[in-house]
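Taking the form predicted on its own, here's one chain by itself in structure tokens.
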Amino acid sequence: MSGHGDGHIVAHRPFPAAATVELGKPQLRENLRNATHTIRDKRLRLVAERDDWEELRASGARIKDGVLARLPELLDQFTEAATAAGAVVHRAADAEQACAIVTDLVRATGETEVLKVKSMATQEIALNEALTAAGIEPVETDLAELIVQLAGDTPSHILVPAIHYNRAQIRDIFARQMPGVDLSTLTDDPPALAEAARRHLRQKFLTARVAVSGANFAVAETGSLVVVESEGNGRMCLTLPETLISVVGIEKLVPNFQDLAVFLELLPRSSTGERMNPYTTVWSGVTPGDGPQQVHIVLLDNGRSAVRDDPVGRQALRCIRCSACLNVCPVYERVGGHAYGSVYPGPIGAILSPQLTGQAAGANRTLPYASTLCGACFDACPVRINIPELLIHLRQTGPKPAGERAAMRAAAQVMRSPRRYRSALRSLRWAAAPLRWTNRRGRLRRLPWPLSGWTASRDAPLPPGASFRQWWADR
């Protein structure tokens, strides 16, 4: 069995407690509702344009399943091709090892500042914290990531990390935290905010010698990495610095460019509601005299091999980080991403984080219960991850309190015998008879401990006066 991962994928508060705090923020709910409904409506319009959308979804799932089935072989193929193209490939078993590799590489350049392209993998391993501890300043260049970094906050959405802020709040953040911002021209108009960020970042792009990126896909056949984005800041980071370090999850592999084409159709429609991404950057190793001359690739495991070992759970590794499941989830829409305590929030985070870390890590055992099981996430997923199935799988296999385990064992013993089952129901009806006389609602609002956990968020129905068989026999 492979080892589990760590980093910013371990929830430190149980989901119910964290969600209760977030539910007390009406501005947050309004911001989330406006943003998620806008994105989901655009996605629906663009998906409806493709008559073969379901075939594309099936193709994406089939390609990803094929990658997982022969992952070691494809990793070796990618490493060989990338090395031949001039890149240096490293492998990191966990977050600590990945951070150490990147930190040492930056130190070797003598630089104390690095640009970062939006990357879930570097957030997952807590790279910013590791670089800062080593005396190296990471500068986020994706606009939403920059907002979150200036605010001293953490991302709350996979695609739109600052989705929990509205325009006025972003203007206030820029006014307080952005060095050199021109307050006379700074309004909450989106072009004004974009212009302020552009001016702030332009000097960084022109002077930085080291950049750190992620990758949306890694092509095994050629050793190429692929980044798709909407702003162009990523391309500046990927082409201007002398040294480029890319941290890539091993599940990002695709066998070849024919397979990549399927995902370049699925991803933009599912994530931003666009037919294609404005910027798609593909690079293979080093090109003399053009772009970074030192290219390093860190292939990150951090629990992915453990997820792959689970025949039911491995489908979570199909995820292409489009965030379509977040934008249709009724739970996410009300509590936002911070309630999940992981860089992977929403339905995909509820299944991915506990699997990467193991359900015993922190409060991750509570995440599979952060769902209504309505199935909207499965319908929206472009690679057909059956998230409701995985949520139930994790609920069945995850750790449970000793009292619940004892109660379930006792219930199993009773239900194995029809005689014991009838006798238990009869005893329960007799015990509840006085309550039925005094409680006309037929429901209890509070039960004593340890059953109080059930009535903390729902009523408990009283047992009926007769079983179904008795009721049927009397008719």
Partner chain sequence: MRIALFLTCVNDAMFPATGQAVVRILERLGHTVEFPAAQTCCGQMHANSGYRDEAVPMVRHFADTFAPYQAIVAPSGSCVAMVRDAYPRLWPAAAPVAARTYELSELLVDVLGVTDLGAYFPHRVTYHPTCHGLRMLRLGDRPQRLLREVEGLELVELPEAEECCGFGGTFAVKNSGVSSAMLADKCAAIGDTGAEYLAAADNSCLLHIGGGLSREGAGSKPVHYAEILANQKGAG
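Numbering follows the first chain given and starts at 1. Take the two forms, find the largest set of C-alpha atoms that superpose within 1.5 Å, and that set is the rigid core. Because the structure is predicted, anything quoted here is derived from the model rather than measured.
Heads up, the form predicted together with the partner chain isn't pictured, but that's what we're talking about next.
- Annotation: in the predicted complex, residues E404, R443 and P450 each come within 4.5 Å of the partner chain through at least one heavy atom.
- Exactly one listed residue, out of V226, V181, V88, I392, brings a non-hydrogen atom to within 4.5 Å of the partner chain in the predicted complex: I392.
- Screening S423, Q27, S417, T38 for any heavy atom within 4.5 Å of the partner chain in the predicted complex leaves a single hit, S417.
- L428 belongs to the set of residues with a heavy atom inside 4.5 Å of the partner chain in the predicted complex.
- In the predicted complex, the partner chain sits within 4.5 Å of a heavy atom belonging to R33.
- The closest heavy atom approach of A412 to the partner chain in the predicted complex falls within 4.5 Å.
- Using a 4.5 angstroms limit between non-hydrogen atoms, E231 is distant from the partner chain in the predicted complex.
- Residues of 327-354 placing a heavy atom within 4.5 Å of the partner chain in the predicted complex, in sequence order: P330, V331, E333, R334, V335.
- The two forms, fitted on the rigid core, differ between this form and the one not shown by less than 2 Å at the CA of T20.
- The two forms, fitted on the rigid core, differ between this form and the one not shown by 2 Å or more at the CA of R429.
- For G135, the Cα coordinates differ by under 2 angstroms between this form and the one not shown after the core has been superposed.
- By 3 Å or more, the C-alpha separation between Y340 and R458 grows in the predicted complex relative to the form shown here.
- A change of 3 Å or more separates the two forms for P450 and G24: their C-alpha atoms lie closer together in the predicted complex.
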